[in-house]
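There is one chain below, alone, in structure tokens, taken in the form predicted on its own.
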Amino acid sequence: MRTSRCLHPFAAFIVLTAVSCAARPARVTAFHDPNMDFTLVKTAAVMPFVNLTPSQPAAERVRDVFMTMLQATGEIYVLPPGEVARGISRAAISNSAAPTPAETVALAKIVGADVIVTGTLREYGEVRSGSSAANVISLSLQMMESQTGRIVWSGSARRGGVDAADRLFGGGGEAMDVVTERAVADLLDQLFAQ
């Protein structure tokens, strides 16, 4: 009797399902200034995020999630958005999404922040691939210190999108709020990884 080295069709299905249902890897990159002592950072001002997506309220939603999750770490006090907006106005910052080093220093003095955080939302919402659709987010953040306005940390993360399981089985991926929270968690992991 001759044995076949091919996988049984059911076994092949199980292997394919296990591989395609594996967690989607996060795309993560980060920079830490080796000369910065992040333990001294106690207060942060988070600027309005740049929105490069077609979804109008997306940047404010993601900024709110980031601020809430950063505050929840208990490591950094996050200034309320209204206080940051008043500081932007008083410092006469022309582009709140990308303040100059001098504007960063001025704003930090006005609001009493140790760091200023800016962000760019590159992708947000549903993406399609063939007949499948899933939610995706791509976000980049920068942190500037208050004394010089130089960048001491930057990170980016991307979560979601259509994967092999979505294409094979027609799944819709995770909800937008879940994808957003996971991307922000990736960024916070980068920030506090030292």
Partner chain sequence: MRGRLERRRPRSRGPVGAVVLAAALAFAAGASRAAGPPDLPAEGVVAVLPPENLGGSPAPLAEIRGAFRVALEERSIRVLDEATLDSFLASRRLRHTGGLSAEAAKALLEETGAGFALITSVDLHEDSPHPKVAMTSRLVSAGREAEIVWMDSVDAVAAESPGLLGMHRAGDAGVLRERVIVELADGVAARFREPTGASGKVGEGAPRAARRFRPRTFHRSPGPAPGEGRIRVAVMPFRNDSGRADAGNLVALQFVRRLAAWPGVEVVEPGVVREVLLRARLIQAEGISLPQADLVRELLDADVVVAGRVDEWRDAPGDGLVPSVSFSARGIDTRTRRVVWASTTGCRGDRGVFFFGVGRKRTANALAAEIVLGVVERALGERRGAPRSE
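Numbering follows the first chain given and starts at 1. Just so we're clear, the structure is a prediction, and the values are computed from it rather than from any experiment.
Quick note: we don't show the form predicted together with the partner chain, though the next part is all about it.
Listed residues 44, 67, 137, 134 were compared with the partner chain in the model of the complex; 67 is the one with a heavy atom within 4.5 Å. For residue 78, a non-hydrogen atom is located within 4.5 Å of the partner chain in the model of the complex, even though that partner is not displayed. Contact annotation for residue 82: at least one heavy atom lies within 4.5 Å of the partner chain in the model of the complex.
At the 4.5 Å threshold, heavy atoms of residue 39 reach the partner chain in the model of the complex. Proximity of residue 73 to the partner chain in the model of the complex falls within the 4.5 Å heavy atom cutoff. If you take 105-121 and check each residue for a heavy atom within 4.5 Å of the partner chain in the model of the complex, you get nothing at all.
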